[in-house]
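The data below hold one chain only, encoded as structure tokens and taken in the form predicted alone.
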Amino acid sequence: MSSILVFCSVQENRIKRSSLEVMSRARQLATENGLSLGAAILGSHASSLVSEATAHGASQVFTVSDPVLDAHVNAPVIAALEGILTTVQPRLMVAASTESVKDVLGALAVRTDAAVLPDVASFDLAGDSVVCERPVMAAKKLAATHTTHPLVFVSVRSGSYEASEAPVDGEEVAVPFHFDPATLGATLKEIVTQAGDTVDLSEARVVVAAGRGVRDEAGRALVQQLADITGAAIGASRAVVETGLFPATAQIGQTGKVVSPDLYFAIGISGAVQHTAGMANSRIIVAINKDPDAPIFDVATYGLVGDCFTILPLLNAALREAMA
């Protein structure tokens, strides 16, 4: 084994928190096993993010700077990563399990003859083996798996590790790249995002999530107030999304987004396993539900038994006063 490479996902000209979490774990393993740690960054502004990668321990940062990579179209991303892998020849490439990574990992593995361990909760090195634990059965169980394949790709669920800095005097290595956009069979014309100053759900430090107990516009307004006070992103369970009260982009769970904030408010959410699969890695979970036997209390750090229409006005008023 010679090196570990971390593929860094970028959003709004910053490395995503989930990628920095992965890099912190990769740095620990590199130190323990006498390996070097590198980072791969794609996009026209890749060079501007080198210092952020070295601040988290990457001794070499491999950049591909080309505008064709700014809009995440699979073909050029796969080609760029293939070029970096040819240059670096790592034992292990690790990435956060984002939607864009899921798009390219399989095709990249076929091109480079790599084994893939996707969407894992933990990863380790044991001799010649890469060892992982992967949530299965809606995250009710963890499956232990390993491979001794010469090249391994691992994608890691958000919140599995803590991001921490460990600055090094790293260097940028610009990797040559040329891609003709005219060869693309598919192009991305527009990325539709939520309007206004909405906090990005996948990167939020605080999430306020609404369930069936919120039930109407009055409840939604209370949820919005709590989010405004705490600077939170707003999420929702599948049940309340299907009522039309919240958009599909807010859905958290097995069939929605996976989040791992420092603080997660579960408002009127029963806690079915399909939902908790998407938020169980939250560091502190505050649950409000009028059913004392609701499964959400099994994973909650703090629980408040009562109707959210009674509790939220009191909680919002107390938080406003405390933060004034």
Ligand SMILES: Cc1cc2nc3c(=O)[nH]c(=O)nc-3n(C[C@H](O)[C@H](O)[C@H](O)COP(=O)(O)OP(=O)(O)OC[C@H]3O[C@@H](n4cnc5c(N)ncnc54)[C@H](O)[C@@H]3O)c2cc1C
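This structure is a prediction, so every number in the text was calculated from the model and none was measured. The first residue of the shown sequence is 1; numbering continues from there.
There is another form of this protein, the form predicted together with the ligand, and it is not shown here; the text below is about that form.
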Residue (of Val68, Ala294, Leu49, Val61) lying close to the ligand in the predicted complex, criterion heavy atoms within 4.5 Å
Ala294
Of the options Val152, Ala204, Ala239, Val120, which one has a non-hydrogen atom that comes within 4.5 Å of the ligand in the predicted complex?
Ala239
Does Ala280 make contact with the ligand in the predicted complex, using a 4.5 Å heavy atom cut-off?
no
Do Val223 and the ligand come within 4.5 Å of each other in the predicted complex, heavy atoms counted?
no
Can any non-hydrogen atom of Gln274 be found within 4.5 angstroms of the ligand in the predicted complex?
yes
Contact test in the predicted complex: His45 vs the ligand, heavy atoms, 4.5 Å
no
If contact means any heavy atom within 4.5 Å, which of 36 to 44, 254 to 262, 53 to 61, 22 to 30 contacts the ligand in the predicted complex?
254 to 262
In sequence order, which positions of 207 to 233 have a non-hydrogen atom within 4.5 Å of the ligand in the predicted complex?
Gly211, Arg212, Gly213, Arg215
